[in-house]
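Only one chain is included here, represented as structure tokens and corresponding to the form predicted alone.
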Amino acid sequence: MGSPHRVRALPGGARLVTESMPERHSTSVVFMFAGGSRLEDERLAGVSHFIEHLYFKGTRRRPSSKEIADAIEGVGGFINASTDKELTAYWARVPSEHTELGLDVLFDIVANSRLDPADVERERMVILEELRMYQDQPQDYVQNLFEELIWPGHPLGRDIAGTEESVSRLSRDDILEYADARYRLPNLVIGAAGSLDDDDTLALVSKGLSLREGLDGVLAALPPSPLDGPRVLIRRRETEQAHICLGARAFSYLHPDRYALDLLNTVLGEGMSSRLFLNIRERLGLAYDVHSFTQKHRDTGYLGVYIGVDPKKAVDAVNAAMAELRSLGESEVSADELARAKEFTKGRLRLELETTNGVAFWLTYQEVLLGEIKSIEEELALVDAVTAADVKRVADELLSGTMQMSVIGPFSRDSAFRLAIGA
């Protein structure tokens, strides 16, 4: 049975995706705009994230952040936003009888924000502190360094929040110009899921549309250049634990092998039954935290491994992780291991879609990035169709690419790390 969602075209090029979940007591609404930090040049680095912060500082109808928060929290709801590299989302979850209020507040934020000059300066200081705090968290910062290696000289390899230099020089005029270019109806998909009526929701949304229609002044999403070889980047710090990310470019979210990649990632490093956890942590005792992860964009992606390890054991842990990667390309995973990976993947997806918020994001994300929406049954069937031979083939293809590694820890030389990844 297909998903009971409906997609409607809205005036000006926006779209509405709804799914009725009458057994729920809440409704979640997502306003998702195509475009994020990937579309920023060096001069505007961090502007999408800056705008997301500013839109919660006050509108013409709700002049302060307190009034925005009170409107939603006053009925027991939640409101938030997020900026990614290829999209920006604003969302609210409210008791179903307050769906109209949730929509009204979101429309107010994205169409009527004041962008007061004083708020711009205050929020600039907040974001600069956020950037500095992030660099003080090596387990997170090491992934940012890794992405600089995976996509060198490209917006995808830059922190979503920008740099201290770019945030310091962004002017209010820069922010207004960029917001005007990106926050337009053709870039907007509105998703709603919960105890709602499709037609009533359409009427409420149509009444609230006031963004501009045409598109202009928008940068193209240029693909990253090919890598010229493996690299190791070390940030020397006298930390108690070394933090390491290693991996290689992989597939986009449009690539037909993305499901095989996800299962490879599950076998390799998702959860306490994965190979990395069982072998590197449990059997060898080399690292407390070790796992793998993927990142996918429209035309690229990567498979990465994170290791948090005693500096004295760092090189041994990297060699052990590389051995696990190579083993996936040398022989097929067993039928039992593949079956467990599939059940893990399918189960996690089902759990994510238990909430109205999960469903609203699931629908909106697909419509924005893929241009079509698969039902959960269709998605699960694509996972089930992956074979052990597919996983082995994908592993072999990834390992033939150039490995990259970022390291934060008390190291003065990179020779042993370079040797481990063939650099």
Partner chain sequence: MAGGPAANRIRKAIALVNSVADEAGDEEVTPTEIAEAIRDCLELSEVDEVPNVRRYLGEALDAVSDGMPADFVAMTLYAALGALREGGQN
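Note that the coordinates shown come from a computational prediction; the quantities given were computed from them, not determined experimentally. Numbering follows the first chain given and starts at 1.
Just so it is clear, the following notes concern the form predicted together with its partner chain, a form of the same protein that is not shown.
**Report entry** its partner chain in the predicted bound form: contacted by all of 259, 338 and 382, heavy atom 4.5 Å
**Finding:** No, the whole trio is out of contact, none within 4.5 Å by any heavy atom.
Query - Stretch in contact in the predicted bound form with its partner chain, which is absent here, among 320-328, 189-197, 112-120, 79-87 (heavy atoms within 4.5 Å) - result: Selected range: 320-328.
Report task. Let me know the one among 291, 184, 313, 158 whose heavy atoms come within 4.5 Å of its partner chain in the predicted bound form, would you? Result -> Of 291, 184, 313, 158, the residue with a heavy atom within 4.5 Å of its partner chain in the predicted bound form is 313.
Requested in this report: Tell me, yes or no, whether residue 400 is in contact with its partner chain in the predicted bound form, where a contact means a heavy atom of each within 4.5 Å.
Outcome: Residue 400: no, not in contact with its partner chain in the predicted bound form.
Query raised in the report: At the 4.5 Å heavy atom threshold, is residue 284 in contact with its partner chain in the predicted bound form?
Result: Taking the distances in the predicted bound form, the answer for residue 284 is yes, it comes within 4.5 Å of its partner chain.
Query raised in the report: Quick one: is residue 7 in contact with its partner chain in the predicted bound form, heavy atoms, 4.5 Å cut-off?
Result: The answer is no: residue 7 has no heavy atom within 4.5 Å of its partner chain.
Query raised in the report: Going through 407-423 from first to last, which residues have a non-hydrogen atom within 4.5 Å of its partner chain in the predicted bound form?
Result: Contacting residues: 411, 412, 413, 415, 416, 417, 419, 420.
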